[in-house]
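Taking the form predicted alone, here's one chain by itself in structure tokens.
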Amino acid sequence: MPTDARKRAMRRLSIARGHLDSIVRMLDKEDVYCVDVLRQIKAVQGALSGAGDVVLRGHLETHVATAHGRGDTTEIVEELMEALRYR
């Protein structure tokens, strides 16, 4: 994975971790407002989605774009399809 993509993904995952920690703290309180929790959950989902986009772009640029030259296009496509099935 390219260094820049790895750093950007780590930054987005750190943001997601912060939001997730916030949700856990919120749920410790009996008077937590459901909509506030939902907002934080959406924030986590957004940060995770953004991290996934960064990693996917890095993979496309470094591995998929060069697969034909290496002769492993089918394997790379199958691997990516398998990974995206669980997204």
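Residue numbers run from 1 along the displayed sequence. Bear in mind the structure is a predicted one, so any value in this text is a computation, not a measurement. We call the rigid core the largest set of C-alpha positions that still match within 1.5 Å between the two forms.
Another form, the form predicted in complex with a further copy of the same chain, is not on view; read the next lines as being about it.
Shown alone here, E82 lies within 4.5 Å of a further copy of the same chain in the predicted complex, counting heavy atoms only.
Residues Q45, L48, S49, A51, G52, D53, V55, L56, R57, H59, L60, E61, H63, V64, A65, T66, A67, H68, T73, I76, V77 are the ones in 45-77 with at least one heavy atom within 4.5 Å of a further copy of the same chain in the predicted complex, listed in sequence order.
When two forms of a protein are overlaid on their rigid core, residues whose CA moves 2 Å or more are considered shifted, and E61 is not one of them between this form and the one not shown.
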